[in-house]
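Next up: the same protein chain in two forms, each one alone, written as structure tokens (structure 1, then structure 2).
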Structure 1
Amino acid sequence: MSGIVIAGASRTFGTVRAVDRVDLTVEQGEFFTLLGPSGCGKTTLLRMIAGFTPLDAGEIRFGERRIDRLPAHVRDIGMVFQNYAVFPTLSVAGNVAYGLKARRVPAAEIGPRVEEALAMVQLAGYGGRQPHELSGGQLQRVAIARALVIRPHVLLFDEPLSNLDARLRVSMRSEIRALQKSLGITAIYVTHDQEEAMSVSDRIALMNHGRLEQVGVPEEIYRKPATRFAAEFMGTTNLVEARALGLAAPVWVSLRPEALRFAEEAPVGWPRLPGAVVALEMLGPITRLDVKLENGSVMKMVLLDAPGQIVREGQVVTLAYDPSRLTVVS
């Protein structure tokens, strides 16, 4: 077995190019995330792989095997939906056994495999329950067990955590990653939450208006965004023309807030920028500052909290930035 190859995949709805000539290769066993703002085409691309949205052009292969013309039910995919989609007419065990029965797995084998899958998602002993007796988090675990148990070629997740509360979201995402790694099944995960994407993924594909904006490991996308969109989407940043930092080149650069410090705490080699604090926001562990430079541009920076640290609005300060963290964006 090998990974997933997507070549030139496109899909148009009316006048909307939901997915626009996407080329991607996902490695076997990789945890791959499609990230992007609402309406950028993540779900459409995922549904193309699953077989629910036909391609207008391009192709999708699992290894050597072309699958984009196959009907959805023979593609060997485990899909986890945002709203769980647990069958209300079947028990928990019935839900998990559903795909095994469809594959005509011998009856004697089904019971143990269902139990094993339920144990993996920490629902051992819940097989006899009815879906309406479970919480949202438990339902999502059933949905995951149901997708895992068939040992599919690929697991597809469409915003599986967005209906859960914030705390559960954080613990479930690391569980999902741990499960995926222990089983070695390739996973494609859709989310619009960049923090979630960074925390679970081996690699991220950032999408915008149906196109791939940038593909890379989380650190790379965060630290070396290729475009202004990527720089802004991956976290707060200062997007300025290079001239504002006293550089000559006519380009835009991205400088993350954490690359800025007050001059007195910065190494000597860092360029200095005089300015004044125009806004500040104390968030506990960190304080966010807006500093207006002499040329009028406003730089965002963050300070880690420290005892005795006092910053006031209007205070005149000198900033310094780490030149190695400056990224030119297109």
Structure 2
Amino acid sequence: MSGIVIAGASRTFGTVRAVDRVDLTVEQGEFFTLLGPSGCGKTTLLRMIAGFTPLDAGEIRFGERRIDRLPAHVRDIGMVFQNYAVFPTLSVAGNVAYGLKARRVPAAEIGPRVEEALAMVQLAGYGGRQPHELSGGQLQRVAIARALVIRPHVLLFDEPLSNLDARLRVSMRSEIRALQKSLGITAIYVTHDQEEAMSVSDRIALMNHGRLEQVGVPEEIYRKPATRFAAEFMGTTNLVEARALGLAAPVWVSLRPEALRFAEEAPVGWPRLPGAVVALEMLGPITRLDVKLENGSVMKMVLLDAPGQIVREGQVVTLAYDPSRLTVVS
């Protein structure tokens, strides 16, 4: 099967254009993430692919097959929801088997396929348990097994980790990524979490007000943001007029905090910026600084923990920055 092609997809709710003429191609076997703030249209676009929300305009194809006019249950899609959507009155095995029974899979095949799916998500032997006996992470694994057991060509994830605690989110996202790659299945993943998106994705589509702000591999969007929105949404950045850095160009630039160093530690040739530390936040492995420059601009800086290095609020410092890390943004 070829990839997913979305052409001119639009959807309006009342006066709100939730998805605005989106053109997008997802390659076969790719882990593709729709990223953006609440209300940007990412979940609406995912639901349009799934068949839960109709298009006002445009089309969606899986390879040569147009699917946007097909009912959801014949699109060959597995979907994992934010709230697990596990049936509380069914056992784990019953939940996983639900989609197979709905598709009238022969009874003799259901048991082995359920066990196979549970083994994929590290829940072998859990089939007889009830949902209330499971942790949040285990419930999410049940939801993933239920999506996989139908052997879909496309797997959709709608904020699947947002109900888990921070440590479990980190381990679960690694599991999801590893499972998707081992199966070679095409996955589209929705999240508002930039770190989560960068850790699991082959490519990311950053959305804003129903439109695609930027599409690219995680490194490209982080290091070379195309717009001010992309620069600020993809982690912390210094978004300043070039003149604040001593440059003559009448443009705005993005400079990540990690591209700054103290002048005495920087290579020869990096531009210097005198200033003073006005805020300091020690976070264990890193320390975040706000440095007010002589021209009044405040630059954010990140230092790796170094026991011999002592920085105090109010200290006069000179920063230097890597000019290759400057990105002009629109």
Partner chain sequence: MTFAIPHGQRLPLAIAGLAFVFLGLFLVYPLVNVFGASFLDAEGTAFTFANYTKMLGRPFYRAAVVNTLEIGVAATLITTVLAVPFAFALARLPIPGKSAILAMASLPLILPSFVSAYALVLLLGRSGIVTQWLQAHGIGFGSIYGMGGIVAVYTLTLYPYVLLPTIAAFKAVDVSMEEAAQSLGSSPGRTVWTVTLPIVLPAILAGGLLVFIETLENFGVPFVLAEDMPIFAVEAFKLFIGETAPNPSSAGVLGVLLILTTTLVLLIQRRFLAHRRFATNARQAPPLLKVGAGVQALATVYCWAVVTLALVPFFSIVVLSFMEFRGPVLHPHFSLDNFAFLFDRALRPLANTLMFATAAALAVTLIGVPVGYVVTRYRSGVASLLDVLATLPFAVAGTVLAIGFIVSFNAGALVLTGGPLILVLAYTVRKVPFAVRSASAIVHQIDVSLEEASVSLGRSPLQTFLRIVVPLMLGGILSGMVLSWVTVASELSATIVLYSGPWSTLTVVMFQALESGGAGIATAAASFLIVVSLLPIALLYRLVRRYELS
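Just so it is clear, the structure is predicted and the values come from calculations on it, not from any experiment. Rigid core (definition): largest C-alpha set, two forms, superposition within 1.5 Å. All residue numbers here follow the sequence of structure 1, with the first residue given the number 1.
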Between the first and the second structure, which is the form predicted on its own?
2
Classify R103 as shifted (yes) or not shifted (no) between the two structures, where shifted means its C-alpha moves by 2 Å or more with the rigid core superposed.
yes
